[in-house]
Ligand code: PMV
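In structure tokens, the next block holds one chain alone, the form predicted on its own.
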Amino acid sequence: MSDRSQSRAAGYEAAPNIALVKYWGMRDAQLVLPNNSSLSMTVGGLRTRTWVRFDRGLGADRLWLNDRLAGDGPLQSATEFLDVVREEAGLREFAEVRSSNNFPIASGLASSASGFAALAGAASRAAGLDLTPRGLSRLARRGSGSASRSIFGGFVEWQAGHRSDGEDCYARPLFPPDHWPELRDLVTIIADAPEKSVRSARAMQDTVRTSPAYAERLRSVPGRLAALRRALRTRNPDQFLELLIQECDDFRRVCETTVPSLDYLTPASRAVLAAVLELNRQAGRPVAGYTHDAGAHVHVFTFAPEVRRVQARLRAVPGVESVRVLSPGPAAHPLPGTGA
């Protein structure tokens, strides 16, 4: 139960994460329990800031996204999540939520991950809940599965768990942001990237039902996750980049073999993937690796000595709007001067 003497307002900041090994498909959609564990890197330089205020004078929840009043889908998702918080805290008040991002939303840059991680932190503090990071990860998961990972900084593994109540389904930090100082994420922003017409939560369940490649993916993911975890631990660049590409290609295969097909990439996105493969072919070794989520933008990983060359090649791809060079980022945290 919440402490009624505590503040009803709080703010929180969270960064998105890019999944290096994806989760795609849920064994329980209501509790957001995934079919497989996943591994990600929290991305520095990108962030969501969210403020939540519970107010007895409100007749309904209100949501502002980047200073615009939101309705329909985004508001419904926020309200459903706030209902989870209200139930746990014993609250009845509606909430005013204001959230802002410094990067494009709904286009494959994990705005839902940072958004629900920040909302979980702000709403739980405003409601007077005192959650551990593990508890906050479990809560954030209810809004967006990938949000469970954005609670932590650096390299993070989300454990699928086995329990039907989801108590063993949460993320845990593997390595801190400074674990691999030379690693860089070149976030390649595609011009005129369309917003997703179908939310990932629904799209992935279509894949589970219809993709003939999905069963094989489920069998291969645990081994690839273990290999990528080992590549990170030993800081093996060749193995890391090769596994990154293998995992992304496998993820894209099950999306494209879904009925109807899930094709999140634009011609410019595909040209970026081809440019990375060509760079590696010319070098005779892996110098870069790519991955993307359910959207058109592409994350290209490389290392500090190669950044200038790789960035120049990506910028030369027609349709690439910009390339941001980012590093592993921090854990989610309260905004100064807000909350209890």
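In this text, residue numbers run from 1 along the sequence as written. Owing to the predicted nature of the structure, the values given are computational and were not obtained by experimental measurement.
Separately, the form predicted in complex with this ligand exists; it is not shown, and the next lines address it.
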Note to self: Against this ligand in the model of the complex, would Ala19 count as a contact residue? Criterion: heavy atoms within 4.5 Å.
What the structure shows: yes
query: Quick one: does Tyr12 come within 4.5 Å of this ligand in the model of the complex, counting heavy atoms only?
result: no
Though only this chain appears here, would Phe251 touch this ligand in the model of the complex if you measure heavy atom gaps against 4.5 Å? yes
Requested in this report: Find out whether any non-hydrogen atom of Gly145 is located within 4.5 angstroms of this ligand in the model of the complex, and reply yes or no.
Outcome: yes
Self-check item: Non-hydrogen atom within 4.5 Å of this ligand in the model of the complex for each of Ser112, Met204 and Ala294
Solution: yes
The one residue among Ser269, Ser124, Ser200, Ser211 placing a heavy atom within 4.5 Å of this ligand in the model of the complex is Ser200
Partner contact check in the model of the complex: of 22-30, 275-283, 299-307, 56-64, the stretch with a heavy atom within 4.5 Å of this ligand is 22-30
Looking in the model of the complex, the residues of 147-164 with a heavy atom no more than 4.5 Å from this ligand, listed in order, are Arg149
